[in-house]
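Just the one chain here, the form predicted alone, laid out as structure tokens.
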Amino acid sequence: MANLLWLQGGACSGNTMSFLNAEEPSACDLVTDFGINVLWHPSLGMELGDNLQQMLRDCISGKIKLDIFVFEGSVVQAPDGTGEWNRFAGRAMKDWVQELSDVSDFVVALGDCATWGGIPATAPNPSESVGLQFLKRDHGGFLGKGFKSKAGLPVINIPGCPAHPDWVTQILVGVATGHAGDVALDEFQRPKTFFQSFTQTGCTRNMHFAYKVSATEFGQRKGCLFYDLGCRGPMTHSPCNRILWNRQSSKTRAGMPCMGCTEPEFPFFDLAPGTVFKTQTVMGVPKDLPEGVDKKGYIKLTGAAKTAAPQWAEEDMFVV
């Protein structure tokens, strides 16, 4: 039996809603099949007031062993580093986060806000929000660059806005069943099993990408969303087109550009009107190119591809 505690800082509860929709395995499977004991969760926990505070203190003292600490949302440090803008159970949430992280075997940051700071940490960041071990791309975050949990691992980051539910439950099962050593992490502490490939992998629009045929509006079933509509699928590490949402679809399959929400810089650009769903270009070349592609190579490749594009690449090939 592995004790799991889940707290929520500066967040919208989106990752909790996603988690509750998990299917492989489901949230219930974690308890019934994989021996995870959910000590408390902001949407599921029964304890309130003094009882909750006592349980948290028992975790910190070691009276209750804390195996997995899951944190959702940014760590709010405002005003002036006190954290008083986000109080929980009688004190600043950040103080609970620090002490619970120090005694937990594993610490899991869930969602963009907990991993990189997310939208709350976007400049000018009045809430002084940070992720558990990163602020955007900067290693450090709230717990510091050198932090390691009692099991010797840094914070396990599962980004996304929200994170896919099965990414969450599969990692929790791996940790709870003694397979944490098999969870290889990338440079941003994301599990490689999910974040080594790109969103573009498995995208049904890859043929349109190859022939540089662009979609012109949301919801179109033909055309690539990268060239004009700001899709970040070729630059974003995620399995959204391999592990489909609701077992049915993904943003790009539905005609919605990938927003790159599993990358540290999310949300990209300055969020000014016209910057989010419009590909930013310099002299007609996208400012951000697929990983490993330089500007000269891109110009040569796309020029040849567009010239060679067959008629069918311009058509809607999906008849059902």
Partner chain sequence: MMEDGLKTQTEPFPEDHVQFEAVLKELRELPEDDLEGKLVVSGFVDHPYGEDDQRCLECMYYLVHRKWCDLPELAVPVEPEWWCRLWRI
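Residue numbers count along the first chain shown, from 1. Between two forms, the rigid core is defined as the largest C-alpha subset superposing within 1.5 Å. Please read all numbers here as calculations on a predicted model, not as lab measurements.
Keep in mind that the form predicted in complex with its partner chain is missing from the display, and what follows is about it.
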Contact test, all of 299, 307 and 311, partner its partner chain in the predicted bound form, heavy atom 4.5 Å: yes
Of 133-141, 96-104, 227-235, 175-183, the segment with heavy atoms within 4.5 Å of its partner chain in the predicted bound form is residues 227-235
In the predicted bound form, the residue from 285, 38, 64, 293 that sits within 4.5 Å of its partner chain by heavy atoms: 285
Residue 214: heavy atom within 4.5 Å of its partner chain in the predicted bound form? yes
Taking any heavy atom pair closer than or equal to 4.5 Å as contact, tell me whether residue 54 reaches its partner chain in the predicted bound form. no
Do residue 253 and its partner chain come within 4.5 Å of each other in the predicted bound form, heavy atoms counted? no
Residue 32 near its partner chain in the predicted bound form, any heavy atom under 4.5 Å? no
Heavy atom within 4.5 Å of its partner chain in the predicted bound form - qualifying residues of 9-25: none
Residue 17 C-alpha moves between this form and the one not shown by 2 Å or more, core aligned: no
